[in-house]
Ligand code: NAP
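Shown here is one chain on its own, the form predicted alone, set out as C-alpha cells.
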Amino acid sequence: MLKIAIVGATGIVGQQAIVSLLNHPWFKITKLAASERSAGKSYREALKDSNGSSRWWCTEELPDEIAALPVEDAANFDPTSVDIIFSTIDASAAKVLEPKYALTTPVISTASAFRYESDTPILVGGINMEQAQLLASQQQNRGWKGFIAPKSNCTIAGLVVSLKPILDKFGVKQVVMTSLQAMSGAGRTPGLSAMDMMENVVPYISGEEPKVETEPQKILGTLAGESIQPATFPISATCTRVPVLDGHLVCAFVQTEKPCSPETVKEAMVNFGKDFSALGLPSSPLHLIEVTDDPFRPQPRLDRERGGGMTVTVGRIRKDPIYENGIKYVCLAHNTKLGAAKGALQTAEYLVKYYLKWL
C-alpha cells in the first residue's frame, strides 16, 4: 500500500479526499496536514468550530482511525514521510508549499497555482492522459524528484468531458456556456451564507470566468514536444451560483466545424471513453458520459452521483437554430468528486500505474 498525505484536510475538498480514499486497494492515508491553527490537534478536534460542533461535511461517517490521526502543520510537513501528497489547499498557499513538497514527492493538487505553467498538464481522466508525458519535462526543468499534477477548475470538469467526443469527431469552432454552480464550490471559507443563497441566484463568481474561458483549450490541446499546443476554439462564459448543495450544471452551445446532428452527437458521447474505462482504475466509472433522453434531466439531486460521482450526465441535446453546425445541450458533473477530490484520486491512480509504474 502506498502512503498518502492529505494537505488541507479540514476543508471540504480535503474531507472528500478522505472519503474517496477510504478502503482504497492501492492507497492508505497515513498523514493529515492543515493550517497552523489545526496543527497538534487530532483530526476530530481540528474539525470542531468555536461552538464545539463538528465541521465534518460529508454524509459518510468519519472513521475513528482517521479521526484519531494528528494534524500536522502544512508549512512544516515532511513530504518524504509519504509516497504521494494530495494538496487541497488554496492557490496562494499552494504556490509556496507545493514546490517544496515536489522536490521529493509527487503532488496531486486541486489548486490553480500551477495550472497555467507551460510544463504542467491539467489532467482530466480519459481526456488528455497523453499529456502526462510533460511531467518528465517539469521534473527536469525544476530539478524535482516529484512533480505537481493539478486538477482542472471544477466548473469545466463536465464541459471538457462532454466536448472531447465532439471535438474528436466534428471539430469545435466556438463555445458559449452558462454555468449553474453548486454552493459547495465556494468552500467553507469564505463560503456562502444561507441569507445570500436562499431564494436567490448570484450572477457572478469572482475569478471564475477567465478560468473557464482558458483552461479547456489547454486540456483539449495537443502535446507538441515539451509543450501543449492549446485548442484554438474560443469560449464565452457566464458563471452563476445557485442554491444547490453539490453538482455543477452547464448549458453549452457549441458550433462545430463539420455538420452534426443531435443523434450523431449522442452516439459520439455514448461511445466515448471505453478505452480509458477499460484500464480498470479503482475510481473510474464504467461510463465517462451517460446521455439521458428525459427532457427534465440531468438534475443535480438525481444525477450527480452517477458512476460514484465520476460520470458526466448529458441531456437535452438539440440542434441550435442560430449557429451554422450548432448543437446545444446541458451537462452535469459532481463538482467535489469528479471536479475535485475523486478526480484527483483518479489522476493519481493513472500516474502511479502508467507514469511512475509503481504497480
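Quick note: we count residues from 1 along the sequence shown, nothing fancier. In this text, all values refer to a predicted model and were calculated from it rather than measured experimentally.
Absent from the display: the form predicted in complex with this ligand. The rest refers to it.
*Asks:* Please state whether all three residues A34, L97 and N335 have a non-hydrogen atom within 4.5 angstroms of this ligand in the predicted bound form.
*Replies:* Each of the three qualifies.
*Asks:* Using heavy atoms only and a 4.5 Å cut-off, determine which of M177, L249, V244, I89 is in contact with this ligand in the predicted bound form.
*Replies:* Spelling it out, the residue with a heavy atom inside the cut-off is I89.
*Asks:* Decide whether R55 counts as a contact residue for this ligand in the predicted bound form under a heavy atom distance cut-off of 4.5 Å.
*Replies:* Judged by the heavy-atom cut-off of 4.5 Å, R55 is in contact with this ligand in the predicted bound form.
*Asks:* Does this ligand come within 4.5 Å of any heavy atom of A93 in the predicted bound form?
*Replies:* Because a heavy atom of A93 falls inside 4.5 Å of this ligand in the predicted bound form, the answer is yes.
*Asks:* Is there a non-hydrogen atom of T110 within 4.5 angstroms of a non-hydrogen atom of this ligand in the predicted bound form?
*Replies:* The answer is yes: T110 has a heavy atom within 4.5 Å of this ligand.
*Asks:* Though only this chain appears here, would G185 touch this ligand in the predicted bound form if you measure heavy atom gaps against 4.5 Å?
*Replies:* G185 belongs to the contact set for this ligand.
*Asks:* Quick one: which residues from 1-15 get a non-hydrogen atom within 4.5 Å of this ligand in the predicted bound form?
*Replies:* Read in sequence order, the residues that approach this ligand (within 4.5 Å, in the predicted bound form) are G8, A9, T10, G11, I12, V13, G14.
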